[in-house]
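Form predicted alone, single chain, as structure tokens, below.
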């Protein structure tokens, strides 16, 4: 469970102002990004491959130089400051541990390069290994460790330098699903224990939603929305974010129907008709995005007393253990997906071709103006 903190009056630890990065001609890899990351936050850069998230992380680390804009870390402009002089450290996707060195020597390497005394190196390595729960494994080589243990070595090696900001590039992608889930919790608890800022890159929505205090969703080098996980999922700002974060039923609608007597926006959706939506903000006439999450849909064999309800046929379904996803088509030819929790043991009691009534609450409808 993520720690909930109050608003901080301290200046942000990371400030990114108008940062752009170009590699030759064409669309920039990072395009005019503005971000502020508070101290102690676990901040995620989320997006599909090629959206610019890793390039942005590498600019924070000093491995890439911005074409334009400014990056400030702990109040200082880091333009021209090499990676080893910045108050950050980076954990790479491949972990990049030295295979010929012991766990102790891997973790101590950075301190040795900077000339830290032997006694200090020993004490700081012991402390770092304790934080990542590798006590007693100092003498082992990386090939004697599991994938999760090698990742902890990489974390300890980064933490032993006591950075102000820890940068993580797809830190869990090399692990299997079960270990990845366990390591998510470990990283969250580790960040709380050390009290420093974590900035991590991921393309995995579940990883970002379950770990981060806030998330920046990127597309084509731009930040489309920054919000905490719940706000990002329940109130996406645009079609891209709604479609990228989780599953969603997405429709094109028209706002030409105006508002009903209760002041709700009435949207016309081809094949579904007029749908009332509690949306107080004004919208322009014309095409507008409309969305509803699959878990918000309710299915029944008899017609419910609901404002938004349709009769539909089950075309297919997929069983996922804890839930079943149904794929339906309405009488108007609109395709919907619905998620049903599997609360009863035994086979799924649904057949292809079955008729069901599908409904959802007007308040669960998302209006997307971008």
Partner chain sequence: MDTWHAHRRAFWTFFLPPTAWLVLFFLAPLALVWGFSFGEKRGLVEIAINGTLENYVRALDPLYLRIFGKSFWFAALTTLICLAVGFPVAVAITFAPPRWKPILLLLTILPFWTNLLIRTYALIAVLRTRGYVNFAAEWGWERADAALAWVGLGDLHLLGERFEPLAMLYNNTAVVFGLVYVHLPFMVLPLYAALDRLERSYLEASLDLGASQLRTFASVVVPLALPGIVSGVIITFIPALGSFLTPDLLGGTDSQMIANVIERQFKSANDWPFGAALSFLLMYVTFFALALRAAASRGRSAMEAA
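Just so it is clear, the model here is predicted, and its values are computed rather than measured. Numbering follows the first chain given and starts at 1.
Beyond what is shown, the protein has a form predicted together with the partner chain; the following relates to that form.
K.L.:
Using a 4.5 Å heavy atom cut-off, which residue among 273, 278, 148, 110 comes into contact with the partner chain in the predicted complex?
P.N.:
Of 273, 278, 148, 110, the residue with a heavy atom within 4.5 Å of the partner chain in the predicted complex is 110.
K.L.:
Name the residue from 190, 73, 90, 209 that puts a heavy atom within 4.5 Å of the partner chain in the predicted complex.
P.N.:
Here the answer is residue option 90.
K.L.:
Indicate whether the partner chain has at least one heavy atom within 4.5 Å of a heavy atom of residue 269 in the predicted complex.
P.N.:
No, residue 269 is distant from the partner.
K.L.:
Tell me, yes or no, whether residue 287 is in contact with the partner chain in the predicted complex, where a contact means a heavy atom of each within 4.5 Å.
P.N.:
No, residue 287 stays farther than 4.5 Å from the partner chain in the predicted complex.
K.L.:
Hey, in the predicted complex, is residue 96 touching the partner chain, heavy atoms inside 4.5 Å?
P.N.:
Residue-level check for residue 96: yes, a contact with the partner chain.
K.L.:
Quick check on residue 185: any heavy atom within 4.5 Å of the partner chain in the predicted complex?
P.N.:
Although the partner chain is absent here, residue 185 would stay clear of it in the predicted complex, with no heavy atoms inside 4.5 Å.
K.L.:
Pick the stretch from 192-200, 294-302, 110-118, 217-225 whose residues have a heavy atom within 4.5 Å of the partner chain in the predicted complex.
P.N.:
Selected stretch: 110-118.
K.L.:
Can you list, in sequence order, the residues from 67-86 that come within 4.5 Å of the partner chain in the predicted complex, counting heavy atoms only?
P.N.:
Counting only heavy atoms within 4.5 Å of the partner chain in the predicted complex, the contacting residues of 67-86 are 83, 84.
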